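Coming up is one lone chain in structure tokens, specifically the form predicted on its own.
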């Protein structure tokens, strides 16, 4: 099972580990709740090296991305990135990704365990369209660190001469952090102010990780595991690919229609146009428990005893202290304010349909 290049340091820091998408990664160091609140209120440091890195470079690199994703990459300037999705011909999602437009091409970050699938798909599209572009999977050659939370900027600023206040959301560039060249982007998966560093694994990544922890001492920084990463993203209603795209979902079903740039041709566009005209039968819906209970992936959602949907992601909100869930629900039963039942281990737990996100800035 693949491990992060920082594995030994995580052991030293007392991490408990888990298997996520075939990678052995830290689940937590202290507790999921403690780490969750640390990120919401102060700053946390994640190792997310289980995520992929695909380099896309050549004369037709922007053309390839424009065909293979719902974004027209030709309009994304150097120094900017974009969150988007890659579709099959039938409009269902292969993966959601971020790509960064650097001065020498693009770097794409697919989800854990999806790097080869995405790289192979991009090569297939390239070959079918006769494009001049190299697609190289560098996932094992990079470490990705995420520095997230209200104090993330102050923390990173201590170890870099880059004026981080000038980086707007999704902007990216190369620069030194603790004397090590990294790709820095103002991105993250927590809904808080945050940055991600991509650095070649053969650099002194132990020094970089320790330097960030030292820089954040005054702000209460802690290393954070994947357990809190999941609860943080759930409170903000962010997608988890292996859950929200399970079984083949389209961006219209997953409430990702805002990502679609309809003014260019891309794989899956015709299918989405048909679905847009006909309407979808189920759509991602946000449920906050009224009764005590913790919804989980796969639990049924019912209305008056009738099954109307299924939970895709669920858990206990550390900020709210109640169960929350995202579920695909029949479009006839999605009215905000209505109450439905989530069947939690055979027990009916009432939940209110709410607008996203579950947690704003009040935590």
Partner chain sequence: MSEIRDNLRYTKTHEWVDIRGKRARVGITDHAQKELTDIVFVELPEIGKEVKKGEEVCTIESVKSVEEIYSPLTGKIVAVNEDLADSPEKINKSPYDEGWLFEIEIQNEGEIDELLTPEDYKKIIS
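All values derive from a computational prediction rather than experimental measurement. Positions refer to the first chain, counted from 1.
Only in words, not in the display: the form predicted in complex with its partner chain, which the text now covers.
Under a 4.5 angstroms heavy atom criterion, identify the one residue in 310, 303, 41, 296 near its partner chain in the predicted complex.
Looking at the other structure, the residue within range turns out to be 296.
Looking at 37, 62, 48, 316, which has any heavy atom no more than 4.5 Å from its partner chain in the predicted complex?
Partner contact (heavy atom, 4.5 Å) among the options: 316.
Looking at 66-74, 52-60, 333-341, 23-31, which lies within 4.5 angstroms of its partner chain in the predicted complex, counting heavy atoms?
After filtering at 4.5 Å, what remains is 23-31.
Residue 168 versus its partner chain, in the predicted complex: is there a non-hydrogen atom within 4.5 Å?
Flag for residue 168 set to no.
Within a 4.5 Å heavy atom cut-off, is residue 345 in contact with its partner chain in the predicted complex?
Answer yes; at least one heavy atom of residue 345 falls within 4.5 Å of its partner chain in the predicted complex.
Test of understanding: in the predicted complex, would residue 350 fall inside 4.5 Å of its partner chain by heavy atoms?
No, residue 350 is distant from the partner.
In the predicted complex, does residue 355 come within 4.5 Å of its partner chain, counting heavy atoms only?
Output for residue 355 is no: heavy atoms all beyond 4.5 Å of its partner chain.
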